[in-house]
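Next up: just one chain, as structure tokens, the form predicted on its own.
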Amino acid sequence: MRLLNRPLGRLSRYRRGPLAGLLVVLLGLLLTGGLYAAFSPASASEDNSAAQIKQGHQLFLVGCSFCHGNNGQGVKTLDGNQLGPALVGVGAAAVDFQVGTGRMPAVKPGPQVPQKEQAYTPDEIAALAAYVASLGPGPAIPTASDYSIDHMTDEQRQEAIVRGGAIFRTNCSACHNFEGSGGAMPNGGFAPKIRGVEPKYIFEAMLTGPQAMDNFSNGNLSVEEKQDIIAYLQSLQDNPDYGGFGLGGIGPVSEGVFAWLLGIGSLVGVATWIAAHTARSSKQKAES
């Protein structure tokens, strides 16, 4: 029994030693640090999200609530016209597009809000988007993997351009022109030029349907089809006008006016000059 008790007694002496307390403290710190690392990121993320939403609400009250209401419910004028639409359910993507392109905050209500310089920083735009997204579920801001076509090979890009051209001419050319140069619309609106626009904003415009534009959700046009349209528009931007002066790509009306005024008009002028010169020459011969 004494032999068996000797190891236990030795362990008991070690537990009472100064190193044992240090080891216990170190083990406690390691355990506490591990638990903190496991659970604190989610809490920090929630805190950051709440702070971002709070910042966005403050920015919204200052720059957006006059037209859209203090809680994004929309505002109507005394005669019943809509001053600013409700923003519940429009999603963060709509805010990122409208504010990112400078269309919002608008200078004044109108049938079409033109693009202008940004009024907010990227962090403030993200905060506004987070706040509006908190009002109701809607399209999120797309990531680069959604709208970027940089991953495509040359062959894949050429195929995407062909597909995108067919989709664009079917769904978009009636308003934006066959080469994205834009055009006039009824009731004072207009379809803006979309050549040279950042791919993210093209994707967001299709996703959210701003102002007079139709909404093309991912259920109507898939992410891949939206990438095809972006590839087609970029190809128009990269290619020169092989036919010469493109007249802004407005279409056959401007080309017809150009042909009548300068083409046929020049021919009529030349014919008139020839006829007048011939008559003058004939008169001079008759007098001589």
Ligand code: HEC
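The structure displayed is predicted, hence computed values, not measured ones. Residue numbers here begin at 1 and follow the sequence given.
We do not show the form predicted together with this ligand, though everything after this point is about it.
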| request: Taking 4.5 Å between heavy atoms as the contact cutoff, choose which of Gly138, Pro105, Gly74, Gly182 touches this ligand in the predicted bound form. | output: Pro105
| query | Could you tell me if Cys67 has a non-hydrogen atom within 4.5 Å of this ligand in the predicted bound form? | reply | yes
| said: Is Gln211 part of the interface with this ligand in the predicted bound form - any heavy atom within 4.5 Å? | reply: yes
| query | How about Lys193: is it within 4.5 Å of this ligand in the predicted bound form, going by heavy atoms? | reply | yes
| query | Would Val113 show up as a contact with this ligand in the predicted bound form if we use heavy atoms at 4.5 Å? | reply | yes
| said: Could you pull out the residues of 79-107 that have any heavy atom within 4.5 Å of this ligand in the predicted bound form? | reply: Leu83, Gly84, Pro85, Leu87, Val90, Ala94, Val95, Phe97, Gln98, Val99, Thr101, Arg103, Met104, Pro105, Ala106, Val107
